[in-house]
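We begin with a single chain expressed as structure tokens, specifically the form predicted on its own.
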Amino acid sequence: MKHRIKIKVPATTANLGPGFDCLGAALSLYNEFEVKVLPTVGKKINVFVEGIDADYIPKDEKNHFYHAMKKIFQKVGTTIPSLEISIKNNIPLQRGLGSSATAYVAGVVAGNILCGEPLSEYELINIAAELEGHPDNVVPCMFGGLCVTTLVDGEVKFVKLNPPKDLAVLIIIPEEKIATEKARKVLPEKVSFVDAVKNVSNVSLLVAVIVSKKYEFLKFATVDFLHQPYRKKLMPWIDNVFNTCLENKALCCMLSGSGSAIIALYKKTQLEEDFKEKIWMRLRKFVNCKVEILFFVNQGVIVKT
């Protein structure tokens, strides 16, 4: 058994406009996890967390990373040993950037390594998706890239696309957190046939735009009719943020996951050195926020043993 493992897992942005619960992409922001097997007799767990929102991350058996590891040991039929877990949290919680997905993915990967790697990546991603509730975040966490995902008879199916290298991702991160459960509750039980057709059309166009690099269509292809219009009531600043970014060279704007973060896509060549400061000065008129410039990444989990 390995006795020490370090894992880095990328943030993700899901939905990507009309790709509700089916599109997700990995970003160049990482949570870091380290686990050590302790020689202690009897079950023991020590969890240390530093970084963004560290005070809100459980430091006992409710910790997502530990819970996912335990799930693997149960699956394999082995007793989980005493562990020391260290987490450096760089991805803000409840902003739609896949923070919980990183913990579940890192946990199943670490657990599998500690058990001697009896499970395949496909088995691990299904366990992580079950823990997370849907696959659009965990798949790009695990494999990187831009992933088209679905569930077929409860099993994850996906296709990974190479992400665009010539685009940058401007992330607007409001101070206000929005839990996924709260964002789900504002969604309607039914939508009109017309809106459903529009969304199918746009998500199809969006995938074609990414593959063909016809970025002039992004503004239209990322318009959503299933979730963003209903989630606006939780984020009254959203239209002003969208308009500000679009007026400042953004190709498109989207809610990241269920929010509260918003992403705007730019051509890398459009981002001047002081652009982040300039756009933040404009955006802060509408919402207290931070602004970061990230990039799509093609690699998911990074493991050191």
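Everything quoted here is computed from the prediction, not taken from an experiment. Don't overthink the numbering: it's just position in the shown sequence, from 1.
Heads up, the form predicted together with ligand HSE isn't pictured, but that's what we're talking about next.
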| item | value |
| --- | --- |
| Proximity to ligand HSE in the predicted complex (heavy atom, within 4.5 Å), stretch among 56-64, 242-250, 275-283, 255-263 | 255-263 |
| Thr78, heavy atom within 4.5 angstroms of ligand HSE in the predicted complex | no |
| Lys71 within 4.5 Å of ligand HSE in the predicted complex, heavy atoms | no |
| Heavy atom of Ala11 within 4.5 Å of ligand HSE in the predicted complex | no |
| Any non-hydrogen atom of Thr180 within 4.5 angstroms of ligand HSE in the predicted complex | yes |
| Interface residue in the predicted complex among Lys165, Lys233, Arg184, Lys213, criterion: non-hydrogen atom within 4.5 angstroms of ligand HSE | Arg184 |
| Within 4.5 Å of ligand HSE in the predicted complex: residues from 127-147 (heavy atom criterion) | His134, Asp136, Asn137 |
